[in-house]
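Presented as structure tokens, the chain that follows is alone, the form predicted alone.
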Amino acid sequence: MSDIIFIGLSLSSILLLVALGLSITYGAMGVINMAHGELVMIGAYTAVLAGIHLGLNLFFALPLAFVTSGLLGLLIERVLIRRLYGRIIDTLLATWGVAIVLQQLVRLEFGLSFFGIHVEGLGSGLQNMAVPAFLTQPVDIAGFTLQPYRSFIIVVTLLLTGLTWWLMYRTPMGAQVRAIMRNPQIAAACGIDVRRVSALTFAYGSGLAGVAGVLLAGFKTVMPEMGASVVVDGFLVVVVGGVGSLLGTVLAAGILGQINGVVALLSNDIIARAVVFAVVIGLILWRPRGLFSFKSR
């Protein structure tokens, strides 16, 4: 039972990190970022390369992946998305194209070299990230088996969720983001630099995706396609929780992650995903705007 709980909570935690970035990005900018999953993948490969070439362990890889994915997200926003605001279909197609390009670049570079550095034995890019030994040994406490690495994932997610809440509800920047979510035109009329705030928001959401990639790499194979399914699950969480709602995102990630973990252990991953999609459809029919969303006036 403890294994089921920890698997469900750790899956929920990673879903939450992915969905937080998607939620605030779409809420503030109206951008459906199909390349968000590839930013997760970039974070995972950053951790792999940091271990191979810099000798950095998981704890140093986390901030490095946040910065790397965040800067890449900022570059994507400045070069591409900034020119497509208000054109939701165009941004969807453009970021989908970015996702394909990033996947192919990783395949090509990891088959030969990565940014000019020859990487031995990586082949097509399949790789595993080393997890510190003390995070791999289960600990029994009063008959309850504690999984250190999955507990670490939960703790990191709680800290980043708390940081996101503080940034959104206790800082001037967060007030500006929430104003843009409600009405970007009025926010601009009040003197808010919408483009600057949107760029920083996109970079922060991309950084969270990078951290999710590192955590995911601890128990899944790192490969160029790893972000494709993650971004779908992230969008499911956003739709169920309600666009721009931090509380809804947390609750939806918990529900869907636990359902996926429990059903996968009792049957298999295919049935688990089918059950998750069925639950999402049911929740959408019941609450079309999500469990929590801004009220229209």
Partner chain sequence: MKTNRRNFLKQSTAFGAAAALGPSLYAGAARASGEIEVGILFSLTGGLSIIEKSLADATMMAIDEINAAGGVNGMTIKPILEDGASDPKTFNEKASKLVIRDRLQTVFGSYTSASRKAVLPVFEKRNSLYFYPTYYEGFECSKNVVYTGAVPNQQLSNFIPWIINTLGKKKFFIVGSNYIYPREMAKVSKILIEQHGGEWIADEYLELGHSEWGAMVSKIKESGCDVVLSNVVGDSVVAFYREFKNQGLTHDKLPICATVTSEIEIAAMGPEFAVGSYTSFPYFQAIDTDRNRAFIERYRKYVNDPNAVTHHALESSYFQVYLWKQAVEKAGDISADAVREGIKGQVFEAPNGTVTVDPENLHTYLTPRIAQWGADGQGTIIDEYKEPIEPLPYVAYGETPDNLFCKGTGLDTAKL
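Numbering follows the first chain given and starts at 1. Only a predicted model underlies this, so the values are computations on that prediction, with no experimental measurement involved.
The form predicted in complex with the partner chain exists for this protein as well; it is not shown, and the discussion that follows is about that form.
- Heavy atoms within 4.5 Å of the partner chain in the model of the complex map, among the stretches 158-166, 201-209, 175-183, 145-153, onto 145-153 alone.
- Interface membership of Leu11, defined by any non-hydrogen atom within 4.5 Å of the partner chain in the model of the complex, is confirmed.
- Contact annotation for Ala264: at least one heavy atom lies within 4.5 Å of the partner chain in the model of the complex.
- Taking the partner from the other structure, the partner chain in the model of the complex has no heavy atom within 4.5 Å of any heavy atom of Val194.
- Taking the partner from elsewhere, Val106 is found to have every heavy atom lying beyond 4.5 Å of the partner chain in the model of the complex.
- The single contact residue among Leu126, Leu75, Ile141, Ala189, judged by any heavy atom lying within 4.5 Å of the partner chain in the model of the complex, is Leu126.
- Residues Ala217, Gly218, Phe219, Lys220, Thr221, Met223, Glu225 are the ones in 208-241 with at least one heavy atom within 4.5 Å of the partner chain in the model of the complex, listed in sequence order.
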